[in-house]
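A single chain comes next, written as structure tokens; it is the form predicted on its own.
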Amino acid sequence: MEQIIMYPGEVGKDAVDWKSTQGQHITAVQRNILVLGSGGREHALAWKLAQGEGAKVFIAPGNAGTAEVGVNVNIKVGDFEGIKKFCIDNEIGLVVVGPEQPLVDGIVDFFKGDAQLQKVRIVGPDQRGAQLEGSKAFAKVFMEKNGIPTARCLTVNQQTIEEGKTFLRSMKAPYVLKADGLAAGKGVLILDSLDEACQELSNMLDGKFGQASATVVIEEFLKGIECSVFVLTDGEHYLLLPEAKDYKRIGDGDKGLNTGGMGAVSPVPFCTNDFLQKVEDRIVKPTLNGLKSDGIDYKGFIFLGLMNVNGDPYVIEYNVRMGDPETEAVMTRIEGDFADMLYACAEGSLDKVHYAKSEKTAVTVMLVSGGYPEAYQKGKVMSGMDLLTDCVAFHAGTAFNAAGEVVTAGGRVIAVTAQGDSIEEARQKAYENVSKIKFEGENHRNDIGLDLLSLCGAE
């Protein structure tokens, strides 16, 4: 019998339809917070925010996991008018934008331009600032203008495709092609063959990734080790949040297709104090100064996708939100009231908050649907979550069915995060719990963090 799927916010613990709340004020204990999004990142953000003093967290649209830490509301992240009504009717004081699309679409500008929303704080850059992620060509020009270390590149379109092929011929393999716009994490190709690179350049400009690849950035390949550094800034002050390393390929040993992320580790052994100081001096400070000089009021997260090349950091990409699945590891290592931090960020007083990083290591393992990142099925009943111990399971693609059971509702389904005094201990705890979760077609990588053990002195 076919499963009847009720998507996030429709059925579940404390689920609420925003339309039914109009005119009814939900009394705030102290602070009502709305998190926008429905993935593992948003579950982790809501989980951490809910620990704040007096915080009542709503998630739009949320998933089966977010319903355990807050109240799901049935609003899509692109429904700005619906979000506005919910904020007004429920006295929301802070909005935290999880995914990049509403930021690129201008939700911060929408809030700033609406007189009824002037008292609602929002964490995220305006539409101009969001171009750092929304346009790779914009980001490259920004980096070059501000002296931020990055790979050599050329931006091309249909009219300049031959220049692009000439540029490819001047480079050594592998060849990196990036769709300029947002392509759901699938717009980057790394190719070993020059002929294939030239053909894929044509394919991309012909619409392989839709409008996102109408312009393509050809980039020099940087050889090194990747990591992610997260910055929270109010435009004047900033905090470096815990760094992380994620694992993009579907298979062990970094084999197979790219995904949205199969796991993460935080902290990262090769992100030494010396390396992070270089990141601050060469990347973070020039980035913030560049935004200010361009008149961009940036209050939110900056995700620096970095390559460590012989101890020196280079920017691979900017993102204007937290990463996923990195957030699922990073949030477990933030000490202090995260809600306080985000209110301070939105109000321009980030220098006045308490913040510390846990010394523990966090390992996150993502469980995905069979077939992902290609075609996969939804609606598979999940079990074993009640058996988990000494970990946090952040839901990424889950929902409730008509019987109230938790079922799969996405490619990436659930992220298990465990902490330990070492990568080995955290790995052991994480994988012990991963083995308890069951659903038809379940798949995961078995090597998250293994590549880092040698850097920690482990055998």
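All figures in this text were calculated on a predicted structure; none of them were measured in a lab. Quick note: we count residues from 1 along the sequence shown, nothing fancier.
Heads up, the form predicted in complex with a small molecule isn't pictured, but that's what we're talking about next.
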Heavy atom contact within 4.5 Å of the small molecule in the predicted bound form, the stretch among 82-90, 342-350, 186-194, 361-369: 186-194
Contacting member of E317, E200, D234, D337, with respect to the small molecule in the predicted bound form [4.5 Å, heavy atom]: E317
Just to be sure I understand the contacts: of V279, A151, M382, I250, which is the one whose heavy atoms reach within 4.5 angstroms of the small molecule in the predicted bound form? A151
L205, heavy atom within 4.5 angstroms of the small molecule in the predicted bound form: no
In the predicted bound form, does E226 have a heavy atom within 4.5 Å of the small molecule? yes
Is there a heavy atom of E219 no more than 4.5 Å from a heavy atom of the small molecule in the predicted bound form? yes
Would you check, heavy atoms only and a 4.5 Å threshold, whether L182 touches the small molecule in the predicted bound form? no
